[in-house]
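This document starts with one chain, in the form predicted on its own, laid out as C-alpha cells.
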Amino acid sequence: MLFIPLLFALPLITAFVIPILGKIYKPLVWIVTTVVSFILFIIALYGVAVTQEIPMSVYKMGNWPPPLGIVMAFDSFSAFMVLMISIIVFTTSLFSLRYLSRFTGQWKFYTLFMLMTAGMMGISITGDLFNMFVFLEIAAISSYALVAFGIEGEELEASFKYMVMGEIGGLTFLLAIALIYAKTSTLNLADISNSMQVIRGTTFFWMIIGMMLFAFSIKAGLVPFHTWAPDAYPAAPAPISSL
C-alpha cells in the first residue's frame, strides 16, 4: 500500500524542490510540476484498480498501529476523490503554462499549487481527524495566497476576506476536534465512529454535528456562508479557480 502516502508526499516534496529549480533553470518548474501531476493521475488510476479487489486499504504511518499511530485509509470514495483531484490538477498544470506567461515569480505559484494539491490529497485519504485539519489548512492557506497572486487591490481584498472567513471555519473545526478528543480519547476516524454510536442523539452529539456543518459550509462556500466566493473566484488566477 505504499502508493497511498505517495499521493500527498509527492506533491509536498515537489513544493519544496520547486524554489531550488526556479533558481537553477526556470522552465524546469513547469515541467516538473506537470510530470508530478501526471504521476499522481497514474497513481490515482492504480488506486481505483486496487479498490476493485480490496475495498479498504490502510497504511500505517511509521508502522504504528491505530489508535496510537496515524493511518491513511483508502476506499472507493477516496479513490473517486483522488482521481477527480488528479485530473483537475494535471489539466490545470497544462493550462497554466500559457496563462502564467504574463506573471513573474512563477515558481511561487507552482510551489503553492503543489502545496494545495498535497492538502487536497491528504484530506481525501486521511484516517485521522487532526490530520484532516492539518491537510485542510495546508490547502486553505495555499489557496489564500494564490487568490492574491496578482497582487492587485481587488485580489488582495478578496484574499483577505477569504482568509478571515476560512479561518473562522478552521477554528470552529479545530474546536470540534478538541471536544471530540475530550469525549472519545481518540482522533482515529474509525474509533470516533464507534464511540459516537454511544452518544448519538445527545446534546453533545448535535452540537458537534452543528459545529462541523458550520465549519465545512464556510469552507465549501454554501449559502449563507458563501460571501467570500463571489470575490475570491474572479480574483484568483483561472487555474486556481478550477481547483
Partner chain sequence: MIVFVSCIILFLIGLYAIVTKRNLIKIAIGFAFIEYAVNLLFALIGFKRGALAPIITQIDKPHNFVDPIPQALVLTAIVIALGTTALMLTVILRIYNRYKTFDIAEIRKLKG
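Since this is a predicted model, take the numbers as computed values, not measurements. Positions refer to the first chain, counted from 1.
Beyond what is shown, the protein has a form predicted together with the partner chain; the following relates to that form.
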{"query": "Triple contact flag 18, 32 and 75 to the partner chain in the predicted complex, non-hydrogen atom at 4.5 angstroms", "finding": "no"}
{"query": "Sole residue of 175, 209, 54, 42 within 4.5 Å of the partner chain in the predicted complex, by heavy atom", "finding": "175"}
{"query": "Sole residue of 163, 100, 123, 81 within 4.5 Å of the partner chain in the predicted complex, by heavy atom", "finding": "163"}
{"query": "4.5 angstroms heavy atom contact with the partner chain in the predicted complex for residue 130", "finding": "yes"}
{"query": "Partner proximity in the predicted complex: residue 182 to the partner chain, non-hydrogen atom cutoff 4.5 Å", "finding": "yes"}
{"query": "Partner proximity in the predicted complex: residue 187 to the partner chain, non-hydrogen atom cutoff 4.5 Å", "finding": "yes"}
{"query": "Partner contact for residue 86 in the predicted complex: the partner chain, 4.5 angstroms, heavy atom", "finding": "no"}
{"query": "Contacts with the partner chain in the predicted complex - residues in 109-146 whose heavy atoms fall within 4.5 Å", "finding": "130, 133, 134, 137, 141, 144, 145"}
